[in-house]
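Here you get one chain, nothing else, as structure tokens; it is the form predicted on its own.
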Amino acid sequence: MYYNEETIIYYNGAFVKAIEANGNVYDQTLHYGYGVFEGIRAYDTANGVRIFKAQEHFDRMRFSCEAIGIPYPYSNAELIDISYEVLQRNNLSDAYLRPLVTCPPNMSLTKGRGAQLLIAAWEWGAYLGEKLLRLKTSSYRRISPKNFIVEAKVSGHYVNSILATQEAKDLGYDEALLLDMEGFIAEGPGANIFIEKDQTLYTPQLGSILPGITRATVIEISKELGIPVIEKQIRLEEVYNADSVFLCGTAAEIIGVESLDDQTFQKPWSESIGAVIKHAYKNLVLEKDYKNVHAH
């Protein structure tokens, strides 16, 4: 579903067919999960194909590499140009881009001795679908900032996400919600969370979560629309008592939540702030005006 015989990717300095690209089975990233990646979306806007917040995503990729000691010999302006060319060569407009930086063979537990770059793209609908989600509080906790650099988007961190998501699905739910090591809510396995209470949005403060670019965009939109946003430590009981809840992320975009641990929320999704944000976000990525969108 991600590629076919004609798919073109950018890999280690050249545009090549995906089926002809070769990795090394001794790569440090393959053995230890020591790599970083980004998830970026492109949209077919009225002004042509546009990659949403490309600069912010590649800036975070640089940060992630530097944070864990992977060399980053790239110009982000050049990577943005390459990303547009990947889209063009594959005749893609509404698409998901996956830049990935990996490390060459090194079996010692030391910093990367080099960097290898992949940029791929494919058509991908909203990662969590369009229907409201049934969440389950995970028995797994989010990785601790005392053990990892949680602000970095590191490949190996996502084993934690896989465990949480699969546990939720095995129990009959759509997705998981993870708590942090102190028992406050953190985020979904691949998305940040916002809760609405009394016409105010609340979201977990930075520290134990990935500082999502979509999360930052939701906060920007809220400020533009005059919706208060408070970042703080949030207990599970506060989510149960919320008026509404939604998740957000580049892959998921904005997706409403029907229930957490089978407890539903007070406000219908169609009347929630989240529904307003979802509409405004779609207008923003399509380069349409969203400032005339108002909360109920």
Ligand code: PMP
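Worth saying up front: this structure is predicted, and the values here are computed from it rather than measured. Numbering starts at 1 and follows the sequence shown.
Below, we turn to the form predicted together with the ligand, even though it does not appear here.
Steric status of site, the ligand superimposed as seen in the predicted bound form, threshold 2.4 angstroms to backbone or C-beta: Placed partner leaves the pocket open.
Single option in Tyr84, Tyr158, Trp124, Phe148 placed near the ligand in the predicted bound form, where near means a heavy atom within 4.5 Å: None of the other options qualify; the answer is Tyr158.
In the predicted bound form, Gly249 touching the ligand (heavy atom, 4.5 Å): It does: once the ligand is placed as it appears in the predicted bound form, Gly249 has a heavy atom within 4.5 Å of it.
Pro99: touches the ligand in the predicted bound form, heavy atom cutoff 4.5 angstroms: Contact with the ligand, no.
4.5 Å heavy atom contact, Ile213 and the ligand in the predicted bound form: Heavy-atom contact with the ligand at 4.5 Å: present for Ile213.
Partner contact for Gly190 in the predicted bound form: the ligand, 4.5 angstroms, heavy atom: The answer is yes: Gly190 has a heavy atom within 4.5 Å of the ligand.
Residues His57, Arg60 and Arg142 all lining the ligand in the predicted bound form, heavy atom within 4.5 Å: Every listed residue reaches the ligand in the predicted bound form, so yes.
Options 66-74, 241-249, 223-231, 264-272; stretch whose heavy atom lies within 4.5 Å of the ligand in the predicted bound form: That would be 241-249.
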